[in-house]
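Same protein, same chain, two forms; see structure 1 and structure 2 below, as structure tokens.
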Structure 1
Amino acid sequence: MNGQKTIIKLLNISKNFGNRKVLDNISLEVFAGETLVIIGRSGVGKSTILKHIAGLLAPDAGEVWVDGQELTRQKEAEVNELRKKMGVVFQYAALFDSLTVFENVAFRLLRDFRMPVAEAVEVVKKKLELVGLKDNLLDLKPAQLSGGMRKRVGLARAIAVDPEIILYDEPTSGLDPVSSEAINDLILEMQKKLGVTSVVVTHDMHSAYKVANRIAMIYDGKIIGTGTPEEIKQSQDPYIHQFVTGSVEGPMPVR
């Protein structure tokens, strides 16, 4: 993808938790308007990568560039400005459980954008519809929702202010096949209609093939391969092959 504008760039990122090396000198680029899918086994550090891009974790070494700014060198106010262009879907939704569904989804509309409540209700209804939820949920608390519903409310919250960059941490895990497909369509639609740049972390290869422009696979703290869905599908790399075919036979230990 030469000649394209880079929106997100990780440069030689390393991260340790305690004495455990989770990310080992990782570099990664995401171009404007593309959807990059990150795959890899549980615990390899996929969520950790997203948290670096969102500025929630600082790398031990390396640089994180988002929209032309290096996050680790910025003051919080500047990082905040960047975050205003960014929506983050958390792996476990991370809804505020003291707030209702409406207050969760409308959080930034009300607090940041000072939108009148009546107007916010309309926006929230529209976003809930996009993620396949009915608007009779508005006054419920997260504890009253099912896991899959919570996930989708989290997604609605992330897209509430029409961000330019969306980070999805396993957006379809825990969803039924029909809802998953709706979410895949939503990711595609956001890209086509709004030109959103996305990073999607997923285990779901069907979803990965469907939404990705490029797929990057992480293993043992490193990116072991990137390519188009077709290239990944045909990859001769034994690790990638084992992962995408979901086989117990191969170089990766099953344990």
Structure 2
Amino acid sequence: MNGQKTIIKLLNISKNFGNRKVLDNISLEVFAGETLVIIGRSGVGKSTILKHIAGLLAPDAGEVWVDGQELTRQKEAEVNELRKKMGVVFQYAALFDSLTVFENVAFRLLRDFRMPVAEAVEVVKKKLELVGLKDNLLDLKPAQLSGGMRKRVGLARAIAVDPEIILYDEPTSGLDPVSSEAINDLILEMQKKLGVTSVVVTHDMHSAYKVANRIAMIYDGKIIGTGTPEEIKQSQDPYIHQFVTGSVEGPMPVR
């Protein structure tokens, strides 16, 4: 990715929760138009990295740069403006149960962008179509949808604001293999059709290999390796090798 513009840059980030060090002097770059996948075991800080990028958490030390601006130096209003360039696909979709599909997808359009309802309806229909859903779902509640459909609605909500950056938190978690593959295809389609820069957090190696331009692995609060999917597959690092092969034997203890 040499020569490409850096859109996201984490510089010497550290974060503690109580006495537990979750991120330990992490540095990472994400380039314009790429999909960077962050892998690692549960509880190692993958989602914490996403929350720093989204400005939802501030580091104890270090700097978070998004589109040329350092988040910790910005006022809240400026951070909110930066967030308008981002879409977030939360684990398990995190839809509002009391709202309809339309109200979920249009949430930020109506709240943050003050878009007229009639205009929002047309945007929502287009975004649902883009993720493979029909507009006859507009009045349904999340409880009336399958898990895969809820994920798609979550993705439609993320892209409703035409973001430059999409952050995915365990996008295939809890889905059957067919639905998981459909979500992987959608991630690739969003990159191709919308030209977005994406950061995907997952422990699903099939998904990681399929959608990633580059993969970074976090272990014990540190980034221990970064490379293309093929480079990660061939890595001789014992921690990376154990994780990507799913081996019980290796330096990481079985939980």
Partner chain sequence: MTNLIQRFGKFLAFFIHDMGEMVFLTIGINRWMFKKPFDGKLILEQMVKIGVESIPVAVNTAFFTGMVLALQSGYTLETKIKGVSQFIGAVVSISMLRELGPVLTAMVIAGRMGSAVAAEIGTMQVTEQVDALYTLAANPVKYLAVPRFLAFTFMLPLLTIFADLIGWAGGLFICSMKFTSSTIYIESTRSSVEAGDIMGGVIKGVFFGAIIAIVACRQGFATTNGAEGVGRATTNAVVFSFMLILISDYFLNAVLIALHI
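Please note that residue numbering is based on structure 1, beginning with 1 at the start of its sequence. Here, rigid core means the biggest group of C-alpha atoms that superpose within 1.5 Å across both forms. Predicted model, so just to flag it, every value in this text is computed and none were measured.
It is structure 2 that shows the chain in the form predicted alone. Put the two forms on the same core and the Cα of residue 107 is off by less than 2 Å between structures 1 and 2.
Put the two forms on the same core and the Cα of residue 82 is off by less than 2 Å between structures 1 and 2. A movement of the C-alpha atom of residue 174 falling short of 2 angstroms is seen between structures 1 and 2 when the two forms are aligned on their rigid core. Look at residue 116: with the core superposed, its C-alpha moves 3.6 Å between structures 1 and 2.
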